[in-house]
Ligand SMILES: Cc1cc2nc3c(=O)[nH]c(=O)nc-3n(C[C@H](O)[C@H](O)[C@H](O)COP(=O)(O)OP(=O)(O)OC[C@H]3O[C@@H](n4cnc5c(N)ncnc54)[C@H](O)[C@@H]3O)c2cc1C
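In structure tokens, one chain follows: the form predicted alone.
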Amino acid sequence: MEKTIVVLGCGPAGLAASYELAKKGRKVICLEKDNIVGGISRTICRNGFRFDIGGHRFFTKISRVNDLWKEVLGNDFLIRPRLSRIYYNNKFFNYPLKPVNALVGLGFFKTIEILGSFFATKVKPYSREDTFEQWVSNRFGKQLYQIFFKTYTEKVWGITCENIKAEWAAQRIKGLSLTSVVKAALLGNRKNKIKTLIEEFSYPRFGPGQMYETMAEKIKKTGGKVLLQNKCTKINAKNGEIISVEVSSKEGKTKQIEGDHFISSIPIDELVLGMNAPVPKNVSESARKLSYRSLLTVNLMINRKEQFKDTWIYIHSPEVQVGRIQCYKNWSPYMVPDKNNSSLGLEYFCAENDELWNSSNEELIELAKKEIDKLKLARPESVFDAFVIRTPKTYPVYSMDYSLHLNTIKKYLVKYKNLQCIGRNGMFKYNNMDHSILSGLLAVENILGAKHNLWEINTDNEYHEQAKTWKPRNL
């Protein structure tokens, strides 16, 4: 009999798996609780303006992922220049670092102090690299860590850098050090293509949502099912296998969807706590102890042309709450309907149900207007429309004890032989889009007989930023 594969979540990972299965003629059902596909990589449209949720670069060294992107969008997959800067102490600093710009911005004596701190760290580094602070300081020196890493990182995560595992830094900025930054600034970044320093990237003409909306349409055209507004509320298991999931529609109606294989990209804590089977107490407790950061995006539509060329700006100044600002027209000119208009997305990192999260939309819009004025990026009166997007569980938090809880959960889930976890939230791993998509593609190969260990994706630090090729090792 034809086997049914049920995929939970229509983000990049879930859709990539469903797309691959549909192409191979497999019976696939992809379930999504939202009314739009793409997960945190979706695109929101309002009066002809298009808004990304956080800014999603399409850059990868994984050829099959790049081929997939090109296959889906063709000529609508654009090559775009990248310009990003750091705003600190009322000044803009180029990122990647430009030595003259940094020298002028910081001043001669501060630059000498930074270099002295860097060489002092090389002579006497931290003997252990358990925390984000230790990992970054050993590569940049304590002074540069304080200036360009500490404030922004603590805005993002809501905890001190001493309580963030070094694993996060190793995973996200491997290959980046003061030496590599200066080298890239003086000699270029062509040889190793350190991800953090790339100067161009691909981007869908109408935002990342175009990629995943097109993928969803192609899944349906090849016989697969993509069911929106169907939230998975219960996972039914028997004899070491998942046998069905219970889903609830927006009308509140429930139904059972049976399957032979299940691929989950929904938050791993929700997967565990939704199990309709005996779950050991230590496993459920571990699921409840995993924490996330959520994202508030205040999107502003402005009645004049863009005032700067940045694709995005990191805000390191502690006097404002905004953490990063996206300039969507510079990602793609097609993100705005009129060349005489522009738009900004102000990103506020918070915890679900904290004071910022619970602020009214009107309060958040007023806050955003005040902060763009304070940063001298735009005048509040130039904003003619605005709205707020709340995105829960955007970033898995790498707290000092998170790996203990995650390992407990992984040991429990491995007993379900027909279940695989993929994607950022499905694996509680701060993956890029390409790593999430790769996990979906390899999950399909596992169903067809391979034995890839999906948990190895994005743990090989050499691959993450420097190696040219990478192959998954088997279980």
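All residue numbers are counted from 1 along the displayed sequence. All of these numbers come straight from a predicted model, not from anything done at the bench.
One more form of this protein should be noted, the form predicted in complex with this ligand, which is absent from this view; the next part is about it.
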item	value
Stretch in contact, per heavy atom within 4.5 angstroms of this ligand in the predicted complex, of 404-412, 43-51, 422-430, 445-453	422-430
Interface membership of Glu133, this ligand in the predicted complex, 4.5 Å heavy atom rule	no
4.5 Å heavy atom contact, Arg324 and this ligand in the predicted complex	yes
Interface membership of Asp269, this ligand in the predicted complex, 4.5 Å heavy atom rule	no
Distance check, Lys33 to this ligand in the predicted complex, heavy atom within 4.5 Å	yes
Contact residue in the predicted complex, from Lys231, Lys150, Lys369, Arg85 (heavy atom within 4.5 Å of this ligand)	Lys231
Heavy atom within 4.5 Å of this ligand in the predicted complex - residue from Ser342, Ser286, Ser137, Thr394	Thr394
Contacts with this ligand in the predicted complex - residues in 3-35 whose heavy atoms fall within 4.5 Å	Gly9, Cys10, Gly11, Pro12, Ala13, Gly14, Leu31, Glu32, Lys33, Asp34
